[in-house]
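As structure tokens, one chain now follows by itself in the form predicted on its own.
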Amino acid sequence: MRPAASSLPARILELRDLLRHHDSLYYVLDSPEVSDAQYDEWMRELRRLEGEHPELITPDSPTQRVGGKPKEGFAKVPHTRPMLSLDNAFSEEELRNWGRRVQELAGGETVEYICELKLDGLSMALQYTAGKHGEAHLASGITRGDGSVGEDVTTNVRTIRSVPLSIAAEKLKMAGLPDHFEVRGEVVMPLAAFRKLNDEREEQGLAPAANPRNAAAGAIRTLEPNIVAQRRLDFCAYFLLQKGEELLPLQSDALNALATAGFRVNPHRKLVNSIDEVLAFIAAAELQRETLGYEIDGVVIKVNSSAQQQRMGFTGRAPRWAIAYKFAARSGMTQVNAITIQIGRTGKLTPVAELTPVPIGGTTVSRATLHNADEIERLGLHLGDWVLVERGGDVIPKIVQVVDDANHPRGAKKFHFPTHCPECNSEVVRAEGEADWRCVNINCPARLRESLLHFASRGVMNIEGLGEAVVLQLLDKKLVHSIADLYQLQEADLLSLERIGEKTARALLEQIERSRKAPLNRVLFGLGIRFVGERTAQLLVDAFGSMDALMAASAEELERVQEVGPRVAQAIREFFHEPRNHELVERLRRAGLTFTGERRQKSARLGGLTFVLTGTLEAMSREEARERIEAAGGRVSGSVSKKTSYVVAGEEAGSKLDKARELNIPVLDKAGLLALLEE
């Protein structure tokens, strides 16, 4: 019997609560209480009721974990606070040295350490925002990216069952959490799911995935949410922030609060008081390694106190208050059958050894990186050699030595590194003092896919709709052989692609047309010249003012530009020296792209001064504030130190403001900054 219309909302809410409760039991706590059949029956009923009454569907309903059309690509999103790497320790001595440094930084205070297993997966930041009734809703999921800017993969994150789509006000209250916060953690693929994936790939005649970490990273970045949902990924939370700052005074409190709120938090963690106790935890963790059901490659040790963490601060790339103890690498012996060459977006030629498959630490390894030509020479590697392959938490296994004994005879055939690109036959180059050979032809087919995606991305030419799915089809149908071909596309070309209708085709053509007006610094950045990022591109425009002047500049003239050294100058000269790149530039000129730019006139008004920005400035973005400070000769830093000249603080300023006051550093509001700029 169907429920009466008046009781429909209540029944829908009841079913949602039931499904969320049992999702948590199954996917977070590993303690299911009902059969799959019962769960599926509730889900079918909820789908039916929502299908009959679509006005009652909400984004956080369990039926909406997989929904919407596949994305064309992922938007770039800045992190509220950089997702930094950790320094590594590989021995007891290195760990004790770190412990001594921590004690010195603590200034005599007692230090507690929290030990956590180091999961081998993909780092992720989840943002939760306030709902109407005190609850918190998942707003976004962002990959680590380069640590400062990640990719918005929210649609895919929603398919991960251990990620709560919403957290009720009662749970938040129990956990002591507000209704808006950020959770950082690791997306992992359990070993059972990894084995199932490789069984499926074998049945389909596909090569097996290399390891669970690669498989998780590949799944989370696929453009089909339904595929992500099938991969049975897990999210394990380990950090809690609000507006880029620690939310709770202790890391152990944060982990407990996350568990109470319904997140999966690794149960193998321990609060200890000495490095001796840390070493005991590491020894126990290494014994557990093969029985956990997921990959770990070490133990993360953090100072437990958030206040002590803030005082200890960061180096250029890692926190001083945390370290990763890496387990010894696992290895196996196998034979090299061939060496192939991979070519990346920047044209780097990377040799890869094709191996007789060998099991290493629960994973079958069939390929290993050889890094560059010098590494092959260092190893003395021949085709057919037996080698020792090591897998120590690295994404790609590596060959550490050639085996030479009576049972493993040496191979007879030497590998000759190519002098021309295997894809486009352009001559490859190697800069003086560098180990890597590169193809500098930007239209090389091996480079073109990544070059097109880079050119179209938001921070470059901002061509919305030109994502991976479209680019792959354009290449497959041979409609595009160069970046410049984008400006020759017609509506009929786009209509020949899958999932492209008239409206989508016209919108994409409008985006391509609009990109012709992008400023010169964006065009220059879009060319993909090695070492020329967004900032360097702007500095080159400031110095030369036009593409022609830049192309004609000598190495000496280039090196006079701020932040351009010999390596960058050489990369620019190599790029424009390649005839096919020169031809590409001329085609872009004929397409009407911007080839002259406005030189920013820098003053020395703020020369020698260092600024730190924190909080929200009214009617002025941080990027605008940064540009104005740099245009006046100042420098903008991400952290407060004794060398900081001013801290510019807006609304909701965090710990940076506290540290400025602690160090007696002058603090400016927006008006104060403007006054300084206008003096």
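All residue numbers are counted from 1 along the displayed sequence. On a predicted model such as this, the values are computed, not experimentally measured, just so you know.
The same protein also exists as the form predicted in complex with 2-(butylsulfanyl)adenosine (IVH); that form is not shown, yet it is the one meant from here on.
Asker: Quick one: of R144, R330, R161, R438, which gets a non-hydrogen atom within 4.5 angstroms of 2-(butylsulfanyl)adenosine (IVH) in the predicted bound form?
Answerer: The option sitting close enough to the partner is R144.
Asker: Given that 2-(butylsulfanyl)adenosine (IVH) is left out here, which of E578, D385, E468, E186 has a heavy atom within 4.5 Å of it in the predicted bound form?
Answerer: Selected residue: E186.
Asker: Name the stretch: of 80-88, 494-502, 163-171, 283-291, exactly one has residues whose heavy atoms fall within 4.5 Å of 2-(butylsulfanyl)adenosine (IVH) in the predicted bound form.
Answerer: Checking each option against the 4.5 Å cut-off leaves 80-88.
Asker: Given that 2-(butylsulfanyl)adenosine (IVH) is not shown alongside this chain, does S123 nevertheless sit within 4.5 Å of it in the predicted bound form, heavy atom to heavy atom?
Answerer: So S123 counts as contacting 2-(butylsulfanyl)adenosine (IVH).
Asker: Would F239 sit within 4.5 Å of 2-(butylsulfanyl)adenosine (IVH) in the predicted bound form, counting heavy atoms only?
Answerer: Yes - in the predicted bound form, heavy atoms of F239 and 2-(butylsulfanyl)adenosine (IVH) come within 4.5 Å of each other.
Asker: Heavy atom to heavy atom, is K302 within 4.5 Å of 2-(butylsulfanyl)adenosine (IVH) in the predicted bound form?
Answerer: The answer is yes: K302 has a heavy atom within 4.5 Å of 2-(butylsulfanyl)adenosine (IVH).
Asker: Taking 2-(butylsulfanyl)adenosine (IVH) as it sits in the predicted bound form, is R232 in contact with it (heavy atom to heavy atom, 4.5 Å or less)?
Answerer: No, R232 stays farther than 4.5 Å from 2-(butylsulfanyl)adenosine (IVH) in the predicted bound form.
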